[in-house]
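Just one chain follows, in the form predicted on its own, and it is written as C-alpha cells.
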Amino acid sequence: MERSARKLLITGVSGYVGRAVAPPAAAAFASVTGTYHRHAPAASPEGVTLTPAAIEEIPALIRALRPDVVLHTAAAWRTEEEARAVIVEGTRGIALACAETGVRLVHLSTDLVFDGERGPYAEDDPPAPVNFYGAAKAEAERIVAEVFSRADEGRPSTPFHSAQDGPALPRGAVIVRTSLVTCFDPPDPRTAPVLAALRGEAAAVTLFTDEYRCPVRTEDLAAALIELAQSDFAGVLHVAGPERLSRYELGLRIAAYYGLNPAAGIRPGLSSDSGMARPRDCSLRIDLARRVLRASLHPLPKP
C-alpha cells in the first residue's frame, strides 16, 4: 500500500496490538502519533511520535492535533471499573472528539461481545456479552455507532451500516471485531506462557477443549487495520482468522510448531469447570472482510 500524506493517531501504542500496528503505520502514513498511559513502549517505533496521555486526555489531543484518522486500540480488562473507565467512557470521549472534528475512527473491538451460544457470528448478529470486558466493548460499539450516526444526520449518505454495498459514511467509523491476536515467533502474550509450560519452564496449563475462537495472525490484523484507516469503509467488520480452533487445539498447534510434546505442558479441560462465565463459541464469519479487504487472513502456521 502506498504511503499516505495523511496523519494517524494510535491510542494504546504500548499495548500488544498498538505496538504491532505502529511500524506498518509509520510506513503508510506521513505522520503517526502514538499515545500510551502508564508505560512507554520498550522500543520506540521508528517514525512514530510517542505521547503520554491518560484516556481522558486523548479527546483534547485529537482536537489539538487534528489527525485524519484515529486508530483506537487502547483497552483495559483487569477490573470492571477500569474497563468502564477506559473502554466505555474513554471511547465515548474519543468518538465525540472524532465526530466533532471530522476525523475518521477505526475502533478495535472483540468477539467477546457475543455470548458464544450461536457461533459463528456475522456482523449483524446482536451482541450479548457474558462478562464485564465483553459488556464494556459492546457498550463502546453502541456509543461509536450512535455518535457517528448523529454526526451524519442531514448529510446525503447512508446511516451507519455493516453492509458492503452502498456509500460509506463520508466521515465515518469502523468497528473492527477481532479474536485472539496470535503470533508464535516471537510469541504473543497468550502464547508465551503456553510455550513456557511446554518447555518445562513453568507449570502445566489447562486449555479448554470446548471454547472456540478464530485466532488471527498479528501481522494480518495490523495490515487490515492500516488498510481500513486509509479506506472509506464504514460499519462493523469481522477481522479474524479463517480457522475455528479450541483453546486446546491452539495449544497443540503451538506445540507442533516448536516440535514439542504437548503432554509435557498442556492438559485438556472444560470451560464449564472453570467456575467463570465464559462464552463457548465466539467464532466469527469473515465473508465480508474477504470481500472488502485486500489484506489476506491466513491460517496459523503449521509445522
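Keep in mind it's a predicted model, so treat the numbers as computed, not measured. The first residue of the sequence shown is number 1, and the count goes up from there.
Omitted here: the form predicted in complex with a small molecule. The next part is about that form.
Trainee: Taking 4.5 Å between heavy atoms as the contact cutoff, choose which of 138, 198, 75, 103 touches the small molecule in the predicted bound form.
Mentor: Answer to the contact question: 75.
Trainee: Heavy atom within 4.5 Å of the small molecule in the predicted bound form: which of 9, 25, 13, 282 fits that? Just give me the one.
Mentor: So the residue touching the small molecule in the predicted bound form, by this definition, is 13.
Trainee: Is it the case that 18, 54 and 110 all touch the small molecule in the predicted bound form, with a non-hydrogen atom of each within 4.5 angstroms?
Mentor: All three within 4.5 Å in the predicted bound form.
Trainee: Is residue 233 close enough to the small molecule in the predicted bound form to count, meaning some heavy atom within 4.5 Å?
Mentor: Output for residue 233 is no: heavy atoms all beyond 4.5 Å of the small molecule.
Trainee: Although the partner isn't part of this model, could you tell me whether residue 190 comes within 4.5 Å of the small molecule in the predicted bound form, counting any heavy atom of the residue?
Mentor: Residue 190: yes, in contact with the small molecule in the predicted bound form.
Trainee: Is residue 180 close enough to the small molecule in the predicted bound form to count, meaning some heavy atom within 4.5 Å?
Mentor: So residue 180 counts as contacting the small molecule.
Trainee: Taking the shortest heavy atom distance, is residue 184 within 4.5 Å of the small molecule in the predicted bound form?
Mentor: Although the small molecule is absent here, residue 184 would stay clear of it in the predicted bound form, with no heavy atoms inside 4.5 Å.
Trainee: Only one of these stretches, 59 to 67, 254 to 262, 37 to 45, 268 to 276, has heavy atoms within 4.5 Å of the small molecule in the predicted bound form; which one is it?
Mentor: Stretch with heavy atoms near the partner: 37 to 45.
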